[in-house]
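Shown next as structure tokens: one chain only, the form predicted on its own.
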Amino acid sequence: MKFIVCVKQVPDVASSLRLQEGCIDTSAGSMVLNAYDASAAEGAIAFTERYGGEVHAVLAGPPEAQETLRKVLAMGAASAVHIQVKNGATPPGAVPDTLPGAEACAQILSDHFRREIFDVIACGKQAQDTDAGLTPAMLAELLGLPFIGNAIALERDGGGRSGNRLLVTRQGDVHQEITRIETPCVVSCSNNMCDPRIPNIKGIMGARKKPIDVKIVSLPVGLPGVHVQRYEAMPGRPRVRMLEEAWDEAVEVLVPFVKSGPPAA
């Protein structure tokens, strides 16, 4: 099977982000591969190692996001496409986001995939910066393809109209669901699917020789990009008052407090 994995470059939420004049300072190397997309890439690569096939990566983002694509290539992807999006005019004082909004992003990706031949488009179920999780389902709708979300395992199932079917295990609210889906299809992957491999030296060196096709596109007409006005640090925690009185006395203190609300910081 041929997998195409959609990946995104996002701020590293595990590191201390620095803000400069309302912008995230990315000069300290705080931009990383989205963790959910890393799981999707690992799931696709492990699938092809077991059953045969190839994995390719697609990223829509700024020029500096190419290092994120190199990581996916180092993991084992064969090639990559870097879609650089021209956001057009930016409102005064606005900080343009690294990607257009989910609807515009899905439109850009769908325009690209209509010219590609593939069996499975694999995405992370959401981006760790916004946690929206809208693009995979939108992409499937625009392409007219079947979609399964929150997958935690991928296996091959022979037969079907196309000769290949995918056996997908997804995590439901309570139980797991196992579904056969015809290819081509779109699958969004949970970070519970696997632990992404750490590229070794051979993979890292080999990634430098693998092709990255750069395409410049504009935002679709009528689908403006999302502009972030500014980023701000989380506010400090409100002042805490510890009640040291006995239980019956604490209730007498607590009830007026709840009625009137906490004191101003």
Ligand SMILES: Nc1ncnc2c1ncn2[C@@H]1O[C@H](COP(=O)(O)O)[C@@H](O)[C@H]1O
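Just so it is clear, the model here is predicted, and its values are computed rather than measured. One rule holds for the numbers: they count along the sequence shown, beginning at 1.
A second form of this protein, the form predicted together with the named molecule, is not displayed here; the remarks below concern that form.
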| query | finding |
| --- | --- |
| Check all three, 34, 60 and 126, heavy atom within 4.5 Å of the named molecule in the predicted bound form | yes |
| Single option in 186, 105, 151, 73 placed near the named molecule in the predicted bound form, where near means a heavy atom within 4.5 Å | 105 |
| Sole residue of 134, 167, 78, 142 within 4.5 Å of the named molecule in the predicted bound form, by heavy atom | 134 |
| Contact label in the predicted bound form: residue 130 to the named molecule, heavy atom within 4.5 Å | yes |
| is_contact(residue 109, the named molecule) in the predicted bound form, heavy atom dist at most 4.5 Å | yes |
